[in-house]
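There is one chain below, alone, in structure tokens, taken in the form predicted on its own.
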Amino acid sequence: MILYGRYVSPFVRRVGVWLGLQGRDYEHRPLLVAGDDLETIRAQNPVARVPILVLDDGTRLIETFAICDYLDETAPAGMRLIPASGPARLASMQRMAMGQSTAEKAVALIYENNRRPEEFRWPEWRDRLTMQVRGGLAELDRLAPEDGWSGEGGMDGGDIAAAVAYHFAEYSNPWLLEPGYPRLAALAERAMGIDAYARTKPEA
């Protein structure tokens, strides 16, 4: 399998962690959705977005939720990262959705606050994005276990999404963490103790 995209993307990173936790072999191609890499990525996904996971038979999968769903459906025995059914599945999926939404708003904030020329920035929109990111982080903090992991056998998909969202905020705009999210921060720190997670840490 081949995974396209840099781990600085919280969405690519989630897939990379998923692959690692399931012990899958894959090649990582850390391409950017800008500059010289754009056409290479567009050849794999017409809307030029990452992550893209190319399977051994050439099938191309796009979008984090769809890729992770496939990985869980085809996971080796005992290696699912989302419960198969019931309340535990719903809870895990909702934590994943909160992590996804938080990361999406943090990415939008990068474009508004970090990349858009200063004279064209929209303060009200930046404030709204900031509110949304911090709201998501606060909810992830509330949902985070006091110790260990949410999954019965260890880190689950919701834990991955929560830790990745926290670390992306820390990496991109660390001031977002100023209110403090102690349980989420502790979860993210525990995640860094797992090789499959730590090796996807974005380069500075």
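Position 1 is the first residue in the sequence shown; the rest follow in order. Remember, predicted model here, so these are calculated numbers, not experimental data.
One more form of this protein, predicted in complex with a small molecule, exists but is not displayed; see below.
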- Message: Counting any non-hydrogen atom inside 4.5 Å, which residue from Val54, Leu143, Leu177, Val33 sits next to the small molecule in the model of the complex?
- Response: Val33
- Query: Taking the shortest heavy atom distance, is Tyr181 within 4.5 Å of the small molecule in the model of the complex?
  - Reply: no
- Considering only heavy atoms, tell me if Phe11 and the small molecule come within 4.5 Å of each other in the model of the complex. yes
- With the cut-off set at 4.5 Å between non-hydrogen atoms, does Glu139 touch the small molecule in the model of the complex? no
- Find out whether any non-hydrogen atom of Glu112 is located within 4.5 angstroms of the small molecule in the model of the complex, and reply yes or no. no
- Task: Would you point out which of 118-126, 69-77, 87-95, 103-111 contains residues with a non-hydrogen atom within 4.5 Å of the small molecule in the model of the complex?
- Result: 103-111
